[in-house]
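Quick setup: one chain, the form predicted on its own, written in structure tokens, and binding and motion questions come after.
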Amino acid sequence: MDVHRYDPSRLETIEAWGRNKAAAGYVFRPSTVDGVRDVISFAQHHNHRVVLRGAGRSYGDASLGSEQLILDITRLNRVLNWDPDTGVVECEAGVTIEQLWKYCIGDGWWPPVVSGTMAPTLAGALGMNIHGKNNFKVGTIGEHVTEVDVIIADGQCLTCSPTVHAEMFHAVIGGFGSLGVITRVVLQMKRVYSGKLLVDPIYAKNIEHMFTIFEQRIPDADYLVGWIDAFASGDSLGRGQVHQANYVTSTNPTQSLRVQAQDLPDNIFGIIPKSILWRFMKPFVNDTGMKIINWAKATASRLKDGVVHEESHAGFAFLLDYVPNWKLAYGDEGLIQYQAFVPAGSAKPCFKTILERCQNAGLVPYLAVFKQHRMDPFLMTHAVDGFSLALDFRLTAANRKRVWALAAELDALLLSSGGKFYFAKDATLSADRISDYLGEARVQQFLALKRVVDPSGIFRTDLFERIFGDAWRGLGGA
């Protein structure tokens, strides 16, 4: 691939997935590791930043860089080796979660950790160290990786594992693309004996009840996730529904493990194409419409309480993929997601206060998701021994400043509660909060490692600049 000149045809406007920010950059899509090295070399010689981008599913500016080189790794998407006896898979890092599960499920294996969408690449999933609805039990995806190849700024390939280049391994996973390019991943998959999960829906009458349900259900659950009606107030504050899911071992495993048994349907009621469903949703994506929808879902949750049923792995895991392009229903200004991670001891009062402050500010989240978490060994971790609350806020030209002001208010509350943030979702965090979040020692350790593997600082996204730019330049970085 010839990268030794600027080609105007490479200039593209790249959006944050939440459509809350965009930037034009020169996009390169190499299909080989040597092509990755060419882009890095070109950036070094022309004093440009390299912005790493996979599927572009981060809500904010994690894969944006104005007038920089955008290194899109989605063409590095080959499965290199698969052992159906052990479940160990070796992939190029542009392989998506969708490719991975479809490749392996027929042999009785499923990804150990998945996000709410199957679109992310493995490089992106590791760069953000994604978690799933089973985080309380199996941790983040990085805990199931045995080896990664990382191309650093001088073009050298480091093969990293928990024991070889261990510091780099534990920093590049969760390092949001700031240390080098992940090009190869070795991952231990999860053995499953059926393509089905047994799902038990439980109605939660308020936030206290939701915490109680999690406490009672965690010991026996393989997956556990809560939905909250953020419009409910008073004694019903935090009402919603919890879904517990457990692996099944006896439901026609040969047939249920077929890809066709997992795929999400293309139509609603067999008639309406899901590809256009967001257009029908759009008139309801406002405060009045979403209040009604949340009320209706809460009412239905009471009726479905305890009605156990089977769902496919894909059907349970990938709720964000049920309606393609659903984000378009939020309008031209897009959305942000604010996800608060809080230790168990302070999570309940913190989450109650968050919900109340959103209502008092007149900025009620249209979607709220509740999960339980555990700690992990990675340097830039968002993990807590506690809980998270993810909130989707619609942005408009009239409310954008108020949303950012509310986020800053919630940041202060979160930090006073010992909480953490998640770079895959963040769009609002300011640089003055970062040491309170990660701790100054951890920030300095990360930046010191960056000076070793990326001394000229070519791997810098808009997210890095927003959060760490001043600290990096304070250490003599470019």
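Here the structure is a predicted model, which is why all the values come from computation and not from measurement. A residue's number is simply how far along the shown sequence it sits, counting from 1.
Not pictured, yet referred to below: the form predicted together with a small molecule.
- With the small molecule omitted here, the record of contacts in the model of the complex names 108-116 of 293-301, 237-245, 108-116, 211-219, defined by a heavy atom within 4.5 Å.
- Proximity to the small molecule in the model of the complex, defined as a heavy atom within 4.5 Å, holds among Ala368, Leu224, Leu355, Ile130 only for Ile130.
- This chain lacks the partner; the member of Ile73, Ala204, Val384, Cys91 within 4.5 angstroms of the small molecule in the model of the complex by a non-hydrogen atom is Ile73.
- The putative spot formed by Ala55, Val181 and Thr461 is fully lined by the small molecule in the model of the complex; each residue has a non-hydrogen atom within 4.5 angstroms of it.
- Among heavy atoms of Gly334, none comes within 4.5 Å of the small molecule in the model of the complex.
- Contact check for Gly142: every heavy atom lies farther than 4.5 Å from the small molecule in the model of the complex.
- The closest heavy atom approach of Gly195 to the small molecule in the model of the complex falls outside 4.5 Å.
- Contact annotation: Tyr59 falls within 4.5 Å of the small molecule in the model of the complex, judged by heavy atom distances.
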